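Here are two versions of the same chain, shown separately as C-alpha coordinates and labelled structure 1 and structure 2.
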Structure 1
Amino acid sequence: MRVAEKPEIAKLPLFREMQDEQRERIFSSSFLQVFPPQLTLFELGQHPDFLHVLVDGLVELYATSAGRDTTIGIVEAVTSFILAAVVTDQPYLMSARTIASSRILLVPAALVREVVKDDCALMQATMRELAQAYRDMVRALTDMKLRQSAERLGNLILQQDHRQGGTGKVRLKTEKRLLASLLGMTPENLSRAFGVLGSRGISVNGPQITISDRAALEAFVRPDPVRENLA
(Lines of atoms letter the chains of each structure in order from A and count residues from 1; the text may use other names and numbers.)
(Lines give C-alpha, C1' and ligand atoms only; values in the text may rest on other atoms or scores of the structure.)
Protein backbone atom coordinates (compact mmCIF):
# COMPACT_ATOMS: atom_id res chain seq x y z
CA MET A 1 0.00 0.00 0.00
CA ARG A 2 1.35 3.45 -0.90
CA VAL A 3 2.10 5.88 1.91
CA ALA A 4 -0.43 8.40 0.56
CA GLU A 5 -3.21 5.82 0.79
CA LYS A 6 -2.67 4.93 4.44
CA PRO A 7 -4.49 7.88 6.13
CA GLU A 8 -7.69 7.17 4.19
CA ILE A 9 -7.63 3.44 4.91
CA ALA A 10 -6.79 4.03 8.58
CA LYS A 11 -10.20 5.73 8.95
CA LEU A 12 -12.13 2.63 7.84
CA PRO A 13 -14.27 1.04 10.60
CA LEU A 14 -12.25 -2.17 10.70
CA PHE A 15 -8.92 -0.38 11.32
CA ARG A 16 -9.54 3.02 12.91
CA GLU A 17 -9.29 1.95 16.58
CA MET A 18 -6.25 -0.30 16.15
CA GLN A 19 -2.90 0.19 17.77
CA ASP A 20 -0.66 2.16 15.42
CA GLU A 21 2.00 -0.56 15.39
CA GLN A 22 -0.49 -3.31 14.56
CA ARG A 23 -2.21 -1.18 11.92
CA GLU A 24 1.12 -0.56 10.22
CA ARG A 25 1.77 -4.29 10.35
CA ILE A 26 -1.47 -4.83 8.43
CA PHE A 27 -0.87 -2.01 5.96
CA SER A 28 2.71 -3.00 5.14
CA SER A 29 1.49 -6.30 3.69
CA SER A 30 -1.77 -5.13 2.09
CA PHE A 31 -2.64 -3.97 -1.42
CA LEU A 32 -5.19 -1.36 -2.53
CA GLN A 33 -6.29 -2.13 -6.09
CA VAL A 34 -8.92 -0.94 -8.55
CA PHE A 35 -10.85 -3.71 -10.30
CA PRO A 36 -12.98 -3.23 -13.44
CA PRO A 37 -16.68 -4.20 -13.59
CA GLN A 38 -17.65 -7.87 -14.00
CA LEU A 39 -14.35 -9.21 -12.69
CA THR A 40 -14.50 -12.41 -10.64
CA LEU A 41 -12.64 -11.83 -7.37
CA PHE A 42 -12.91 -15.37 -6.02
CA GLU A 43 -15.08 -18.45 -6.48
CA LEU A 44 -17.10 -20.72 -4.23
CA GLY A 45 -14.89 -23.43 -2.71
CA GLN A 46 -11.64 -21.48 -2.98
CA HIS A 47 -9.58 -21.01 0.16
CA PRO A 48 -9.31 -17.34 1.19
CA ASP A 49 -5.85 -15.90 0.66
CA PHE A 50 -7.01 -12.35 1.41
CA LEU A 51 -9.61 -10.43 3.33
CA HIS A 52 -11.36 -8.11 0.85
CA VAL A 53 -12.40 -4.66 2.08
CA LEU A 54 -14.57 -2.69 -0.35
CA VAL A 55 -13.49 0.96 -0.20
CA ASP A 56 -15.40 2.21 -3.26
CA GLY A 57 -17.71 0.48 -5.73
CA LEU A 58 -20.17 -2.40 -5.67
CA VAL A 59 -19.71 -6.19 -5.45
CA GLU A 60 -22.10 -9.09 -6.01
CA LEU A 61 -21.92 -12.21 -3.84
CA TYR A 62 -23.46 -15.18 -5.65
CA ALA A 63 -23.71 -18.97 -5.65
CA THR A 64 -23.80 -21.38 -8.60
CA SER A 65 -25.20 -24.88 -8.99
CA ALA A 66 -26.09 -27.03 -12.02
CA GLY A 67 -25.45 -24.18 -14.43
CA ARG A 68 -27.63 -21.70 -12.53
CA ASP A 69 -26.56 -18.86 -10.28
CA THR A 70 -28.33 -16.68 -7.75
CA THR A 71 -27.39 -13.43 -6.05
CA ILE A 72 -26.83 -13.87 -2.32
CA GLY A 73 -25.97 -10.28 -1.48
CA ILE A 74 -24.86 -6.92 -2.80
CA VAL A 75 -21.86 -5.44 -0.98
CA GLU A 76 -21.73 -1.66 -0.69
CA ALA A 77 -18.79 0.39 0.54
CA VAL A 78 -17.41 0.49 3.14
CA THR A 79 -17.29 -3.06 4.47
CA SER A 80 -15.31 -6.29 4.32
CA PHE A 81 -16.35 -9.52 2.62
CA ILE A 82 -16.34 -12.50 3.28
CA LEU A 83 -14.90 -12.09 6.78
CA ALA A 84 -16.28 -15.36 8.17
CA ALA A 85 -14.24 -17.46 5.73
CA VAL A 86 -11.06 -15.58 6.65
CA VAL A 87 -11.59 -15.84 10.41
CA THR A 88 -12.43 -19.56 10.32
CA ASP A 89 -9.83 -20.35 7.62
CA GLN A 90 -12.52 -22.19 5.66
CA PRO A 91 -13.38 -22.23 1.92
CA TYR A 92 -15.74 -19.60 0.56
CA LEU A 93 -19.43 -20.50 0.48
CA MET A 94 -20.04 -17.85 -2.20
CA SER A 95 -18.34 -16.35 -5.22
CA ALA A 96 -17.76 -12.63 -5.70
CA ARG A 97 -17.53 -10.35 -8.72
CA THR A 98 -17.49 -6.60 -9.17
CA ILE A 99 -20.64 -4.89 -10.41
CA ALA A 100 -19.01 -1.51 -10.95
CA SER A 101 -15.42 -0.34 -10.97
CA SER A 102 -14.33 -1.03 -7.40
CA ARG A 103 -11.44 -0.07 -5.16
CA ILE A 104 -10.65 -2.99 -2.85
CA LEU A 105 -8.11 -3.45 -0.10
CA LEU A 106 -6.56 -6.94 -0.03
CA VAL A 107 -5.27 -7.96 3.40
CA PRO A 108 -3.49 -11.34 3.73
CA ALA A 109 -5.91 -13.68 5.49
CA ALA A 110 -3.25 -15.33 7.65
CA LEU A 111 -2.08 -11.91 8.83
CA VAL A 112 -5.62 -10.95 9.85
CA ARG A 113 -5.86 -14.08 11.98
CA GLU A 114 -2.49 -13.30 13.58
CA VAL A 115 -3.12 -9.63 14.35
CA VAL A 116 -6.64 -10.14 15.67
CA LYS A 117 -5.07 -12.12 18.53
CA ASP A 118 -2.83 -9.20 19.49
CA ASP A 119 -5.07 -6.20 18.90
CA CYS A 120 -8.26 -5.91 20.97
CA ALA A 121 -9.70 -3.13 18.78
CA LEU A 122 -9.37 -5.21 15.62
CA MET A 123 -10.94 -8.16 17.42
CA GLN A 124 -13.91 -6.02 18.48
CA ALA A 125 -14.32 -4.55 14.98
CA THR A 126 -14.19 -8.06 13.53
CA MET A 127 -16.88 -9.21 15.95
CA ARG A 128 -19.08 -6.25 15.00
CA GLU A 129 -18.78 -6.96 11.27
CA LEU A 130 -19.49 -10.67 11.76
CA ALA A 131 -22.49 -9.86 13.97
CA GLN A 132 -23.86 -7.37 11.42
CA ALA A 133 -23.47 -9.93 8.63
CA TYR A 134 -25.41 -12.45 10.72
CA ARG A 135 -28.20 -9.94 11.40
CA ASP A 136 -28.38 -9.09 7.69
CA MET A 137 -28.68 -12.81 6.90
CA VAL A 138 -31.54 -13.22 9.42
CA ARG A 139 -33.39 -10.25 7.90
CA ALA A 140 -32.97 -11.63 4.39
CA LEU A 141 -34.10 -15.13 5.39
CA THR A 142 -37.11 -13.78 7.28
CA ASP A 143 -38.01 -11.62 4.29
CA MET A 144 -37.85 -14.60 1.92
CA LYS A 145 -39.98 -16.84 4.14
CA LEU A 146 -42.65 -14.38 5.30
CA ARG A 147 -43.23 -12.03 2.37
CA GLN A 148 -44.59 -12.47 -1.14
CA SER A 149 -42.57 -11.13 -4.07
CA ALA A 150 -44.12 -7.64 -4.21
CA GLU A 151 -43.84 -7.34 -0.43
CA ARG A 152 -40.15 -8.28 -0.58
CA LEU A 153 -39.53 -5.63 -3.20
CA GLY A 154 -41.41 -3.03 -1.16
CA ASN A 155 -39.45 -3.93 1.95
CA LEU A 156 -36.16 -3.56 0.07
CA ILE A 157 -37.26 -0.13 -1.16
CA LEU A 158 -38.05 0.95 2.40
CA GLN A 159 -34.68 -0.37 3.61
CA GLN A 160 -32.84 1.51 0.86
CA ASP A 161 -34.80 4.67 1.61
CA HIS A 162 -33.69 4.39 5.25
CA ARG A 163 -30.06 3.92 4.19
CA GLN A 164 -30.20 6.75 1.66
CA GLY A 165 -31.48 9.35 4.12
CA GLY A 166 -35.22 8.72 4.35
CA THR A 167 -36.16 11.37 1.77
CA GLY A 168 -38.57 9.17 -0.19
CA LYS A 169 -36.19 9.27 -3.17
CA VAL A 170 -34.45 5.91 -3.68
CA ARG A 171 -31.86 5.20 -6.36
CA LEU A 172 -31.33 1.57 -7.30
CA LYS A 173 -27.62 0.83 -7.44
CA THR A 174 -27.83 -2.35 -9.50
CA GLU A 175 -29.57 -3.37 -12.70
CA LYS A 176 -33.01 -4.90 -12.25
CA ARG A 177 -31.81 -8.37 -13.34
CA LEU A 178 -29.55 -8.51 -10.28
CA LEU A 179 -32.27 -7.08 -8.08
CA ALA A 180 -34.64 -9.85 -9.18
CA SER A 181 -32.01 -12.50 -8.42
CA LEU A 182 -31.34 -11.01 -4.99
CA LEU A 183 -35.05 -11.15 -4.16
CA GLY A 184 -35.53 -14.68 -5.50
CA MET A 185 -37.61 -13.63 -8.52
CA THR A 186 -37.48 -13.81 -12.28
CA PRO A 187 -37.16 -10.48 -14.12
CA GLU A 188 -40.78 -10.92 -15.24
CA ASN A 189 -41.95 -11.35 -11.65
CA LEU A 190 -39.99 -8.27 -10.65
CA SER A 191 -41.77 -6.22 -13.31
CA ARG A 192 -45.12 -7.45 -12.01
CA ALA A 193 -44.07 -6.62 -8.45
CA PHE A 194 -43.24 -3.06 -9.47
CA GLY A 195 -46.70 -2.90 -11.07
CA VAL A 196 -48.33 -4.01 -7.82
CA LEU A 197 -46.41 -1.41 -5.84
CA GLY A 198 -47.45 1.28 -8.30
CA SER A 199 -50.89 1.30 -6.67
CA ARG A 200 -49.39 1.24 -3.18
CA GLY A 201 -47.39 4.41 -3.02
CA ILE A 202 -44.38 4.25 -5.35
CA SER A 203 -43.51 5.45 -8.82
CA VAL A 204 -40.56 4.29 -10.92
CA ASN A 205 -38.46 6.21 -13.42
CA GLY A 206 -35.53 4.06 -14.51
CA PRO A 207 -33.31 3.50 -11.48
CA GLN A 208 -35.07 6.27 -9.53
CA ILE A 209 -37.94 5.30 -7.22
CA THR A 210 -40.20 7.84 -5.50
CA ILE A 211 -42.25 6.94 -2.43
CA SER A 212 -45.35 9.11 -2.76
CA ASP A 213 -47.49 7.41 -0.10
CA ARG A 214 -45.32 5.95 2.65
CA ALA A 215 -48.29 4.93 4.81
CA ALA A 216 -49.84 2.89 1.99
CA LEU A 217 -46.51 1.23 1.18
CA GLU A 218 -45.81 0.35 4.82
CA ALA A 219 -49.33 -1.02 5.31
CA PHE A 220 -48.78 -3.37 2.36
CA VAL A 221 -45.19 -4.35 3.11
CA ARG A 222 -45.35 -4.65 6.92
CA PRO A 223 -41.75 -3.43 7.41
CA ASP A 224 -39.37 -4.97 9.90
CA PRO A 225 -40.48 -4.14 13.46
CA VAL A 226 -36.84 -3.82 14.55
CA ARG A 227 -35.30 -0.88 12.69
CA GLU A 228 -31.79 -1.14 11.33
CA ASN A 229 -29.33 0.99 13.31
CA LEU A 230 -27.15 2.98 10.94
CA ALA A 231 -25.04 4.65 13.64
Structure 2
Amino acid sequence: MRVAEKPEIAKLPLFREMQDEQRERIFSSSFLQVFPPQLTLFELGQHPDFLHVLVDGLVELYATSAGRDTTIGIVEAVTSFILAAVVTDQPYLMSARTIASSRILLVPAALVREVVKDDCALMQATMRELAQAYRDMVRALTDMKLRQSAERLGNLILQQDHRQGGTGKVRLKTEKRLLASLLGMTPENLSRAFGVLGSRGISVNGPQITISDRAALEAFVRPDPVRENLA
Protein backbone atom coordinates (compact mmCIF):
# COMPACT_ATOMS: atom_id res chain seq x y z
CA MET A 1 0.00 0.00 0.00
CA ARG A 2 1.20 3.47 -0.82
CA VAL A 3 -1.51 5.98 -0.26
CA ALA A 4 -2.30 9.35 1.19
CA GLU A 5 -4.61 7.77 3.74
CA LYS A 6 -1.84 5.85 5.42
CA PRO A 7 -1.34 8.29 8.29
CA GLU A 8 -5.06 8.41 8.93
CA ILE A 9 -5.29 4.65 9.09
CA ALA A 10 -2.24 4.47 11.29
CA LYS A 11 -4.02 6.73 13.74
CA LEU A 12 -6.87 4.30 14.26
CA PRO A 13 -7.08 2.93 17.82
CA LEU A 14 -6.40 -0.49 16.41
CA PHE A 15 -3.07 0.40 14.80
CA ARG A 16 -2.05 3.42 16.77
CA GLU A 17 0.03 1.86 19.51
CA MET A 18 1.83 -0.86 17.66
CA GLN A 19 5.47 -0.89 16.66
CA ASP A 20 6.17 1.09 13.54
CA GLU A 21 7.94 -1.70 11.74
CA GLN A 22 5.13 -4.14 12.43
CA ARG A 23 2.62 -1.63 11.21
CA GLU A 24 4.67 -1.18 8.10
CA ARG A 25 4.75 -4.93 7.68
CA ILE A 26 0.97 -4.99 7.78
CA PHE A 27 0.50 -2.06 5.47
CA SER A 28 3.00 -3.22 2.92
CA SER A 29 1.02 -6.40 2.32
CA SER A 30 -2.34 -4.69 2.26
CA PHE A 31 -4.02 -2.98 -0.60
CA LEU A 32 -6.60 -0.34 -0.99
CA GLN A 33 -9.49 -1.09 -3.25
CA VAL A 34 -12.42 0.96 -4.47
CA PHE A 35 -15.86 -0.60 -4.58
CA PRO A 36 -18.98 0.77 -6.23
CA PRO A 37 -22.20 1.10 -4.22
CA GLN A 38 -24.38 -1.94 -3.63
CA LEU A 39 -21.54 -4.37 -4.02
CA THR A 40 -21.35 -7.40 -1.81
CA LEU A 41 -17.94 -7.51 -0.15
CA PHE A 42 -18.31 -10.92 1.43
CA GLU A 43 -21.01 -13.26 2.54
CA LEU A 44 -22.00 -15.02 5.67
CA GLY A 45 -20.33 -18.39 5.96
CA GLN A 46 -17.26 -17.49 3.94
CA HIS A 47 -13.83 -17.85 5.34
CA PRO A 48 -12.32 -14.49 6.30
CA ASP A 49 -9.38 -13.73 4.06
CA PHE A 50 -9.00 -10.06 4.90
CA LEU A 51 -9.46 -7.68 7.72
CA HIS A 52 -11.33 -4.75 6.26
CA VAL A 53 -10.71 -1.11 7.03
CA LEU A 54 -13.25 1.26 5.61
CA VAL A 55 -11.28 4.32 4.58
CA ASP A 56 -14.03 6.16 2.86
CA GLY A 57 -17.66 5.42 2.12
CA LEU A 58 -20.34 3.46 3.94
CA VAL A 59 -20.80 -0.26 4.50
CA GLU A 60 -23.70 -2.33 5.76
CA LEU A 61 -23.21 -5.47 7.79
CA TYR A 62 -26.21 -7.73 7.60
CA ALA A 63 -27.24 -11.23 8.45
CA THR A 64 -29.51 -13.62 6.67
CA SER A 65 -31.47 -16.51 7.98
CA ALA A 66 -34.70 -18.16 7.17
CA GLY A 67 -35.16 -16.14 4.00
CA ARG A 68 -35.15 -12.81 5.78
CA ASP A 69 -32.31 -10.46 6.39
CA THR A 70 -31.51 -7.78 8.87
CA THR A 71 -28.91 -5.11 9.33
CA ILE A 72 -26.48 -5.75 12.16
CA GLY A 73 -24.43 -2.65 11.81
CA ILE A 74 -23.55 0.29 9.65
CA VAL A 75 -19.85 1.02 9.31
CA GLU A 76 -18.70 4.58 8.85
CA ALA A 77 -15.19 5.61 7.87
CA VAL A 78 -12.60 5.29 9.25
CA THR A 79 -13.17 1.97 10.98
CA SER A 80 -12.02 -1.59 10.76
CA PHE A 81 -14.61 -4.32 10.66
CA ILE A 82 -15.01 -8.07 11.12
CA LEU A 83 -12.08 -8.28 13.49
CA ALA A 84 -13.66 -11.15 15.42
CA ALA A 85 -13.91 -13.45 12.42
CA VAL A 86 -10.30 -12.68 11.51
CA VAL A 87 -9.01 -13.29 15.00
CA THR A 88 -10.88 -16.55 15.52
CA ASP A 89 -10.31 -17.62 11.93
CA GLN A 90 -13.89 -18.75 11.72
CA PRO A 91 -16.49 -18.11 9.02
CA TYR A 92 -18.20 -14.75 8.84
CA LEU A 93 -21.45 -14.51 10.75
CA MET A 94 -22.57 -11.66 8.58
CA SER A 95 -22.40 -10.42 5.06
CA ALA A 96 -21.23 -6.98 4.03
CA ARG A 97 -22.11 -4.70 1.16
CA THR A 98 -21.23 -1.18 0.25
CA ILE A 99 -23.97 1.39 0.58
CA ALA A 100 -22.03 4.16 -1.04
CA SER A 101 -18.96 4.01 -3.19
CA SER A 102 -16.23 2.97 -0.77
CA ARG A 103 -12.52 2.65 -0.47
CA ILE A 104 -11.46 -0.24 1.66
CA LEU A 105 -8.07 -1.35 2.87
CA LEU A 106 -7.76 -5.10 2.72
CA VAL A 107 -5.34 -6.60 5.20
CA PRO A 108 -4.57 -10.29 4.80
CA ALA A 109 -6.22 -12.08 7.71
CA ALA A 110 -3.39 -14.54 8.25
CA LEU A 111 -0.96 -11.67 8.51
CA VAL A 112 -3.11 -9.96 11.10
CA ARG A 113 -3.19 -13.10 13.18
CA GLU A 114 0.53 -13.43 12.91
CA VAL A 115 1.44 -9.86 13.71
CA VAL A 116 -0.99 -9.86 16.59
CA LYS A 117 1.06 -12.60 18.15
CA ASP A 118 4.30 -10.67 17.74
CA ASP A 119 3.12 -7.26 18.75
CA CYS A 120 1.56 -6.98 22.15
CA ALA A 121 0.37 -3.44 21.57
CA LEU A 122 -1.62 -4.54 18.56
CA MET A 123 -2.99 -7.44 20.52
CA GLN A 124 -4.06 -5.18 23.29
CA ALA A 125 -5.76 -2.83 20.87
CA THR A 126 -7.50 -5.80 19.30
CA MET A 127 -8.63 -6.98 22.68
CA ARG A 128 -10.04 -3.56 23.52
CA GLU A 129 -11.77 -3.28 20.20
CA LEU A 130 -13.39 -6.68 20.64
CA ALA A 131 -14.47 -5.90 24.18
CA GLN A 132 -16.08 -2.73 22.95
CA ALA A 133 -17.74 -4.51 20.06
CA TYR A 134 -19.07 -7.10 22.47
CA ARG A 135 -20.54 -4.42 24.66
CA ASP A 136 -22.17 -2.77 21.69
CA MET A 137 -23.78 -6.07 20.83
CA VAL A 138 -25.03 -6.53 24.37
CA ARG A 139 -26.66 -3.15 24.13
CA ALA A 140 -28.21 -3.95 20.79
CA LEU A 141 -29.59 -7.22 22.08
CA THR A 142 -31.13 -5.76 25.21
CA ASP A 143 -32.48 -2.88 23.18
CA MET A 144 -34.16 -5.37 20.90
CA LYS A 145 -35.50 -7.50 23.70
CA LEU A 146 -36.70 -4.82 26.05
CA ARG A 147 -37.82 -1.86 24.05
CA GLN A 148 -40.46 -1.40 21.48
CA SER A 149 -39.87 0.17 18.14
CA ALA A 150 -40.55 3.84 18.78
CA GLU A 151 -38.41 3.69 21.89
CA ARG A 152 -35.57 2.14 19.94
CA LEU A 153 -35.79 4.86 17.36
CA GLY A 154 -35.84 7.59 19.98
CA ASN A 155 -32.81 6.10 21.65
CA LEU A 156 -30.91 5.90 18.45
CA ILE A 157 -31.64 9.55 17.78
CA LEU A 158 -30.37 10.48 21.23
CA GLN A 159 -27.20 8.47 20.69
CA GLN A 160 -26.58 10.00 17.30
CA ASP A 161 -27.13 13.44 18.68
CA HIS A 162 -24.66 12.70 21.42
CA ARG A 163 -22.08 11.51 18.92
CA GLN A 164 -22.65 14.44 16.61
CA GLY A 165 -22.02 16.87 19.43
CA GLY A 166 -25.32 17.12 21.27
CA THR A 167 -26.58 20.04 19.22
CA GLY A 168 -30.10 18.72 18.98
CA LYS A 169 -29.78 18.49 15.22
CA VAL A 170 -29.26 15.04 13.79
CA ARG A 171 -28.79 14.27 10.16
CA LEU A 172 -29.45 10.73 9.00
CA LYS A 173 -26.59 9.37 6.96
CA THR A 174 -28.52 6.50 5.44
CA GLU A 175 -31.80 5.75 3.80
CA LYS A 176 -34.64 5.26 6.18
CA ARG A 177 -35.27 1.75 4.94
CA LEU A 178 -31.79 0.81 6.13
CA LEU A 179 -32.34 2.48 9.44
CA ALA A 180 -35.53 0.47 9.81
CA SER A 181 -33.64 -2.74 9.22
CA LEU A 182 -31.00 -1.77 11.75
CA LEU A 183 -33.69 -1.08 14.30
CA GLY A 184 -35.42 -4.35 13.55
CA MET A 185 -38.60 -3.01 12.06
CA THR A 186 -40.20 -2.40 8.69
CA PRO A 187 -39.91 0.89 6.80
CA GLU A 188 -43.65 1.35 7.29
CA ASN A 189 -43.33 1.13 11.01
CA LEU A 190 -40.28 3.34 11.11
CA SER A 191 -42.35 5.99 9.44
CA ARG A 192 -45.06 5.54 12.04
CA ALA A 193 -42.48 5.58 14.80
CA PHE A 194 -41.28 8.97 13.58
CA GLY A 195 -44.89 9.99 13.77
CA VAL A 196 -45.14 8.89 17.38
CA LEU A 197 -41.97 10.76 18.31
CA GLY A 198 -43.40 13.83 16.64
CA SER A 199 -45.47 14.38 19.75
CA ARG A 200 -42.59 13.43 22.02
CA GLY A 201 -40.16 16.21 21.38
CA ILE A 202 -38.91 15.60 17.86
CA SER A 203 -39.53 17.04 14.46
CA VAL A 204 -38.50 15.45 11.22
CA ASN A 205 -37.84 16.95 7.87
CA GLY A 206 -36.52 14.43 5.40
CA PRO A 207 -33.16 13.27 6.73
CA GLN A 208 -32.95 16.18 9.14
CA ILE A 209 -34.15 15.53 12.67
CA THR A 210 -34.46 18.16 15.32
CA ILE A 211 -34.80 17.47 18.98
CA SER A 212 -37.13 20.19 20.13
CA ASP A 213 -37.82 18.90 23.62
CA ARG A 214 -35.07 16.68 24.94
CA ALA A 215 -36.71 16.14 28.31
CA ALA A 216 -39.90 14.86 26.72
CA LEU A 217 -37.94 12.59 24.43
CA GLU A 218 -35.88 11.12 27.24
CA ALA A 219 -38.94 10.58 29.36
CA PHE A 220 -40.49 8.62 26.54
CA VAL A 221 -37.57 6.47 25.42
CA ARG A 222 -36.03 5.80 28.83
CA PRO A 223 -32.41 5.93 27.75
CA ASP A 224 -29.85 3.33 28.73
CA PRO A 225 -29.24 3.43 32.45
CA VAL A 226 -25.52 3.05 31.77
CA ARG A 227 -23.95 5.83 29.81
CA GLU A 228 -21.02 4.82 27.71
CA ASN A 229 -17.78 6.58 28.51
CA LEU A 230 -16.89 8.90 25.73
CA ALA A 231 -14.18 6.98 23.96
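Under this definition, the rigid core comprises the largest set of C-alpha atoms superposing within 1.5 Å between the forms. Here the structure is a predicted model, which means the values were calculated and not measured. Residue 1 is the first residue of structure 1, and the numbers go on in sequence order from there.
Comparing the two isolated chains, structure 1 is the one taken from the form predicted alone; structure 2 is not. Once both forms are overlaid on the rigid core, the distance between the two CA positions of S65 between structures 1 and 2 is 2 angstroms or more. With the core held fixed, the Cα of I9 is displaced between structures 1 and 2 by 2 Å or more.
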